[in-house]
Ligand SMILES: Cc1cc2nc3c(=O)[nH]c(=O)nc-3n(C[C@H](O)[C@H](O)[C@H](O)COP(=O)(O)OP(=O)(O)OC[C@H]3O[C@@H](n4cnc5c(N)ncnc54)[C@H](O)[C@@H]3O)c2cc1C
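Okay, so here's just one chain, in structure tokens, the form predicted alone.
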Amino acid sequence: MHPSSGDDADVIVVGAGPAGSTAAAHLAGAGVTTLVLDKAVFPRAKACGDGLTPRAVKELIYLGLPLGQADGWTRNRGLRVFGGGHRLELPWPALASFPDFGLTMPREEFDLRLVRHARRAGAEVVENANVTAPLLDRANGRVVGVVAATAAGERRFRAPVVVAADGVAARLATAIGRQKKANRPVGVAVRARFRLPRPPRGDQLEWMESHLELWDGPAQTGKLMPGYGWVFPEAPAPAAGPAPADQSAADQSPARAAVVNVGVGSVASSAQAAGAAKVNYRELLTRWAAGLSPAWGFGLEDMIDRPRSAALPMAFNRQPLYARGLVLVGDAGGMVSPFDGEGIAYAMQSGRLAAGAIAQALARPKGDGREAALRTYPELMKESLGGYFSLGRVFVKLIEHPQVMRVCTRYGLPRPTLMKLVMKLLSDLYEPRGGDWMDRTIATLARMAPAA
């Protein structure tokens, strides 16, 4: 496709994180002239657990990215879950719809690979371009471009469709009046990386650890906090490109030591409930990480970057996902699961589905037919995730009290069949049609729940 006279591209994508880069790669691959603007210069650090579930791996396969260990990935078999004095290993389920393995990679390397992939597909990516406002058609209020501060000064870029992949702040959506829904869950996550002073055991690299009870101090004797913890291992591997400036030369070499991504997170049923918790999660992370030394061998002196935190906008907390020329993808549309805080998989899924709807729309003349094609995007997102996210909202109301989680883990973890069902539910890994009785149970519940 070629931009109309006066337009800089067929589509402008604001933000080059997983949602934006995925959308751009799929759009460019479909022949759509795509311009990506991001305020950062890649690679850049990002608060993230660095772990990808099979649902996210499926999106990487759609993109055609190489996923081998030689490509820098650490593959894992599933979750090693701790809670209630129990430990249980839960392999990722073997399904027709999803691969049976997860992956880890430092987020700065992961995002850099996605940006490079979008460029290879044909998208133009402009870094150090901070989008400050939308351009509106005065006649109908439609978004027809953006204003951006670039190294060359303020620029105006125009396109018939703009994709907002600008993260949790969602400045473009906010600028045109799309406010957050106050009744949606809110999450907070904080993470840090630690160098392992001794080689990890083989089985430690095979599992992503999930700690369902978060103790502020020694387990069972400290204070039980409203949240969960994780340890995601990353084996030594070559980086995809230049490492961040705050890493040492040793960290940048292929022989760098294995590291673990250690984090804590919490979820509340609303922003009001989250504010009432009043927890300093960075301090909690430091204290909790210190208690992991017997199993992993690292100490606080092995921390290789400062703790980073991020808000987790959940359950389509900003809508509509499309209207008046502006498409919301990823965190800008609140596409984080209330069940487990997973955001990357849904960000990439939203980018892929948005790209498909946009490509179909731009193949049509301006008018009702184009708008009808663009409106299929929010319909597809609600059809695939709306009911599931609504179930997640109910789940959050139940487990935002740590005492409830403690009872669930104490009596649930010793029951492997129950935990297999719970894992499928929490990780959104079930067959939407067919499958075993667990898949059919979850699929029925998701269909029955209102897709609000």
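We number the residues from 1 along the sequence you see. The structure displayed is predicted, hence computed values, not measured ones.
Form predicted together with the named molecule: not shown, discussed below.
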F98, V267 and P338 all contacting the named molecule in the predicted bound form, non-hydrogen atom within 4.5 Å:
no
Which residue, T376, N130, N183, Q360, has a heavy atom that falls within 4.5 Å of the named molecule in the predicted bound form?
N130
Within 4.5 Å of the named molecule in the predicted bound form, heavy atoms considered, which of L79, A323, L353, L312?
L312
Might R171 be said to contact the named molecule in the predicted bound form, defining contact as any heavy atom within 4.5 Å?
yes
Using 4.5 Å between non-hydrogen atoms, is R308 touching the named molecule in the predicted bound form?
yes
Are any of the heavy atoms in A235 no more than 4.5 Å from a heavy atom of the named molecule in the predicted bound form?
no
Looking at the partner-bound form in the predicted bound form, is G49 within 4.5 Å of the named molecule by any heavy atom?
yes
Per contact check vs the named molecule in the predicted bound form (non-hydrogen atom within 4.5 angstroms), the hit among 69 to 77, 82 to 90, 286 to 294, 184 to 192 is 184 to 192
The named molecule in the predicted bound form - contacting residues of 22 to 45, heavy atom within 4.5 Å:
L37, D38, K39, A40, F42, R44
